[in-house]
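First, one chain by itself: the form predicted on its own, in structure tokens.
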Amino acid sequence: MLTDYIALLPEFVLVLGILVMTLVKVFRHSNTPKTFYSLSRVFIFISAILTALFYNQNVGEYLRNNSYTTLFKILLYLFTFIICYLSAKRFVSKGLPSFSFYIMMLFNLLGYSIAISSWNLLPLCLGLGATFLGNIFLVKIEKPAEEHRHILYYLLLSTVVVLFMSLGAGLFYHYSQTLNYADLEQFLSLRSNLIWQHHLAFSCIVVSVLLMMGVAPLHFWFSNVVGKCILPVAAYLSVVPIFAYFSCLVNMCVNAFYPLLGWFNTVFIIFGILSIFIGAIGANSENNLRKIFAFSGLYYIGVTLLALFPINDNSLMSSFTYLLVYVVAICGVYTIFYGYRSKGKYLFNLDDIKGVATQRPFLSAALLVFMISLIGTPPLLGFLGKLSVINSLVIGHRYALLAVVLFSMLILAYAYLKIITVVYFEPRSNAFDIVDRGVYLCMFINIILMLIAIINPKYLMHDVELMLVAVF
């Protein structure tokens, strides 16, 4: 009995971290912006180690851990740690409080960790619902009073999403008397005629997860939030949560709702195509750098959906590879954003970074490398992701979808070309501040990891595949 709960040690450590940070906030009055980063990184590191140690421990019928769940959890910890490290530079340089940001990093890791290991709709809804609703505390960080309407809009949206997901789980429990994944799959498989209430329940849950991911036509909230938040929050929302949503979507579709996938597969394709076109076109319509990459992220999520469904070994590996390559590149892009600063202000409009290459050539060259990788140009890592998607679509004889993916990439590439033109060929309009060495360190590590994956893709294409198939 006790061994079952040993698997919860990583989550207990995160809870302990939240309590400790709260006590420090309340009772210690000499806190600095770096205090809560120093605390959070300790608990994140310990929790990550424990997650790796207890990778195959289960907790009753509610939570199950295997190589699949551990892979996504470790990725969450890794990228959260990177974002926390970069964000500390911003809070320290401005001398602003960081408690809300770092305590939400631990809270979200806790919620995502529970959701990823979920083998039951109850902890899934609790984990994803609590984090999506709780992100209101991230959105409101340093927001002036005149932007409270924007915050209330997100609060209303997140509440509706959580209610929809809860409705779907409630309907399944009403008709099947269970929320366990295996029992739900058996219940759905044994019914020759599924009633419309089953389809409605499935739609409520899946559409809610897709809205959290920011998939079109449910994307309207993401670009607005990312474009108006402070840089640490924008970076976090663009990089980290997508791993949790993707892993949960695959897990519940494979192990709970597989009998319904044939009915819903066309909807996934429609969502994917809409995301691809809206993302590519939307990126060209913006001058806000964060919104440009938010819309480009919509394109990559759309391609990921097209490559993922119908779910099998090959499609899962292709979609995961494409998603991971995208996240690595977008993490590099946001690292560069931390270096684009003038008079203490982090710049996010195209006009603000005109001619930046003349004063910050290394940062601008790295930005160019990351964008070329996002386009999927060989020999960069992005080509490996694009090649895996092309391979998956060709094997499935889905040539029309392949044409959509490649044509839309040409539209998206024009948005990247606009950025390159501004950075390299426009006269400089600002004097840029000295870049923190931590930014160069993260940029260097990111590029080194890309080079390792390019030179020896065995770890990504073979070893990771063995971890992914554990979901089946």
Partner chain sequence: MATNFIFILLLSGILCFSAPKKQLGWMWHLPIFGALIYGIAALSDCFPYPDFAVVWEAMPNLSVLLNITPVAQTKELALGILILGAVCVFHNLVSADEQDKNTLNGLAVINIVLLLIALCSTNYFQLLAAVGMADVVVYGAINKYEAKRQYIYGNFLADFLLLNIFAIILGQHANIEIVSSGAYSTDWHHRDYIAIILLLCIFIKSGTILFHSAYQKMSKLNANRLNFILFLATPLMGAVILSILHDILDISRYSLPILRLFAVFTVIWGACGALIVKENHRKCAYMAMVFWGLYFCAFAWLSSLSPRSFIIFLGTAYLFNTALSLIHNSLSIKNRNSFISILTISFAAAGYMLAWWSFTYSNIILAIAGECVLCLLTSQVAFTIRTDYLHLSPFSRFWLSVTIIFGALAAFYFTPELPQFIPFLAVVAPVWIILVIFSPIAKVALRLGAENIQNNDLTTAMYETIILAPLQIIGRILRLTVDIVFLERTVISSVKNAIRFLIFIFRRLHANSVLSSIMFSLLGVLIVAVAYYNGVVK
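Please read all numbers here as calculations on a predicted model, not as lab measurements. Numbering follows the first chain given and starts at 1.
One more form of this protein, predicted together with its partner chain, exists but is not displayed; see below.
Proximity of residue 96 to its partner chain in the predicted bound form falls outside the 4.5 Å heavy atom cutoff. Although the partner is absent here, residue 411 lies within 4.5 Å of its partner chain in the predicted bound form, judged by heavy atoms. Not displayed here, its partner chain is kept clear of residue 85 by more than 4.5 Å at the level of heavy atoms in the predicted bound form. Contact between residue 295 and its partner chain in the predicted bound form is found at the 4.5 Å heavy atom cutoff.
The chain is drawn here without its partner chain; in the predicted bound form, the stretch among 165-173, 120-128, 325-333, 271-279 whose residues come within 4.5 Å of it by any heavy atom is 271-279. Just one of 315, 224, 180, 100 comes within 4.5 Å of its partner chain in the predicted bound form, counting any heavy atom, and that one is 224. Interface residue among 159, 349, 186, 285, judged by heavy atoms within 4.5 Å of its partner chain in the predicted bound form: 285. Shown here without its partner, the chain carries 153, 196 and 218, all of which come within 4.5 Å of its partner chain in the predicted bound form through at least one heavy atom. Along 240-276, residues 263, 264, 266, 267, 270, 271, 274 each place a heavy atom within 4.5 Å of its partner chain in the predicted bound form.
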